[in-house]
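In structure tokens, the next block holds one chain alone, the form predicted on its own.
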Amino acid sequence: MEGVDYLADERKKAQFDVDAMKIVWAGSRHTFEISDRISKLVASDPAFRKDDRTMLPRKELFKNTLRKATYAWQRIIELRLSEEEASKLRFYVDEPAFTDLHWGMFVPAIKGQGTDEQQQKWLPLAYKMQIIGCYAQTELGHGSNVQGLETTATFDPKTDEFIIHSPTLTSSKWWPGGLGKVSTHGVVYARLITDGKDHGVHGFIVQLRNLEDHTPLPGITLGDIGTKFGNGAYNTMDNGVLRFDNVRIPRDQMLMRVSQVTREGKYKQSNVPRQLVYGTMVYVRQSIVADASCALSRAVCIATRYSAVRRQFGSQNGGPETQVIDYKTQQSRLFPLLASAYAFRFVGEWLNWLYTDVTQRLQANDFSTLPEVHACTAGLKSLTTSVTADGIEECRKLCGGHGYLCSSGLPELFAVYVPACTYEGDNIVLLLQVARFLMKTASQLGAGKQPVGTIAYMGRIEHLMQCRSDVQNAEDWLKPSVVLEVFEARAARMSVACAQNLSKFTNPEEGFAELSADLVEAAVAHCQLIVVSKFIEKLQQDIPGKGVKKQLEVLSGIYYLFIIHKYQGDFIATSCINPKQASLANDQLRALYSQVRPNAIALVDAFNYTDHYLGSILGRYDGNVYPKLYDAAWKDPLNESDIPDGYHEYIRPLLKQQLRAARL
């Protein structure tokens, strides 16, 4: 039945002000109002329809994305949207497209690494989309190891030009989004060579296509790298391959904010510190953490609503069966993911503050916090994207068989999201970078150097190596000071244990390679501590709205107690807690699941996602799942006729025992 809210009874159970929670989730009333208005604008426009995406052949799918991206740009101009509103519009259109890389990587690279003159030349063209750019760094043979890139940019002093060249097959640029079919320009990363000397990897603006007819320029070979995981998913994006055959560009197209090549071919550093490049990296990683909370919250919203709609087993005297969400096995898998979505939201907010702080410090030539900021952003990118990718797949399983249908939205969401574990730094490689920072911090503790920021707890190492948790009953686990000390002690002890084991090796690099699995675990412990501490810090703020803070306290408890339960081996092995205390943590966790249960639907309503954005029949706001699933099945192209193509050639000869007549 249309117009009936099948989840109305669930919504009546809420013990908090949902509208107030919507503002907490959005970050501010201003952001909420923009998101709400733009998401409804997109949802109500049939040009942004996406329910047929998984059924389109690749060429049609790609052309449809070009149409949507161009139409979105037209709407941005017509409605005179601000930069913030335009960014939200692209977000709610919810389709990977060349514009993501243009605005998300190409423009920031020129802003971060171009001189004032270069910015004045290139940014107006990019802002008007008179040129479309991509970010050509990754190669066929090298991804994470940027210093290993093979593309060369050799300066020719005779002509005042760089010669961009791909010397090997593995030096082909491979993966940049927007490169394959759309981009007219790229920021290309290549080894700078002057007078036979290699100065390492630098960025260059290179025109790739003719601006009149879009053909590749002489010496440039480029195309799409082929179909990727999923049905629609990332196949809306033209991830590309690019090869250069001695392509010449003017010298002033090297991005020269930090280092320069003079007319005579001399390589020199500018007076702008190299560290400024870190600002862009912090910005990109902060946005990836924010995206993790969005993707995880979408999956959790779908799984929570469907778990309340779906009934299975437990019928008493012919009454209704039990809602799936009432089973503890469902709650113990679903509610920690709900808590994680909120936790990642708040750590993302804090990273936004950190980005502002770092930018101000860099402008004042204060680089003191950079190593800690680098480690912290690398670790949080790794932790949040790994948990989110696994969490989306868990939500699909929580929806049973129907979760496997593309119309559930979950297979597509997973396929679109999962590359986040690899791009902008492979997650394990990033954790090893965090581990290096932890080992360096541990080695300097005796030298009187005080650790800062998220690593400040290591300054209390003597206390943390000796303290024992004094938890005596389950409720003690609700005290923030108790929880923080346990998480700090575990992280510190795991780092110190790795540092002690490393010191036994005569060659530190050999030791690092041998102990890398342990080092990754220590890095995860450190990153989990950051997320827990930022969630607890959020709860120390004034949070308006009836019952809102109480719900966030329950979610924060679920977040950290679930980690203690899942990683209790770490906590017990490092003697931070004893087995009895681990058992009490689990008792308290179960009690918190019961407290979340009546509020679960309202907590996912607070994400304020339209049905269009969710893209899921199972996650519909009104819970009217079964009729809509049934209707959707008949829209599949396979159901256009009762008798399938191929019946006369294959099925009929098989049934009639006339295989010789079959056109095999």
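Numbers for residues come from their place in the sequence shown, where the first is 1. Because the structure is a prediction, the values reported are computed rather than measured.
If you look for the form predicted together with another copy of the chain, you will not find it shown, but the lines that follow are about it.
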Heavy atoms within 4.5 Å of another copy of the chain in the predicted complex: which stretch among 538-546, 272-280, 214-222, 476-484? 214-222
Contact residue in the predicted complex, chosen from 159, 506, 145, 360 - any heavy atom within 4.5 Å of another copy of the chain: 145
Among 175, 355, 92, 189, which has at least one heavy atom within 4.5 Å of another copy of the chain in the predicted complex? 175
Answer for residue 169 alone: is it within 4.5 Å of another copy of the chain in the predicted complex, judged on heavy atom distances? yes
Close approach of residue 311 to another copy of the chain in the predicted complex, 4.5 Å, heavy atom: yes
Can you work out whether residue 182 and another copy of the chain are in contact in the predicted complex, taking contact to mean some heavy atom pair no more than 4.5 Å apart? yes
Residue-level contact is defined here as any heavy atom of the residue lying within 4.5 Å of another copy of the chain in the predicted complex; does residue 59 satisfy this criterion? yes
Please tell me whether the candidate spot formed by 73, 234 and 401 is one where all three residues come within 4.5 Å of another copy of the chain in the predicted complex (heavy atoms). yes
Residue by residue through 472-507, tell me which have a non-hydrogen atom within 4.5 angstroms of another copy of the chain in the predicted complex. none
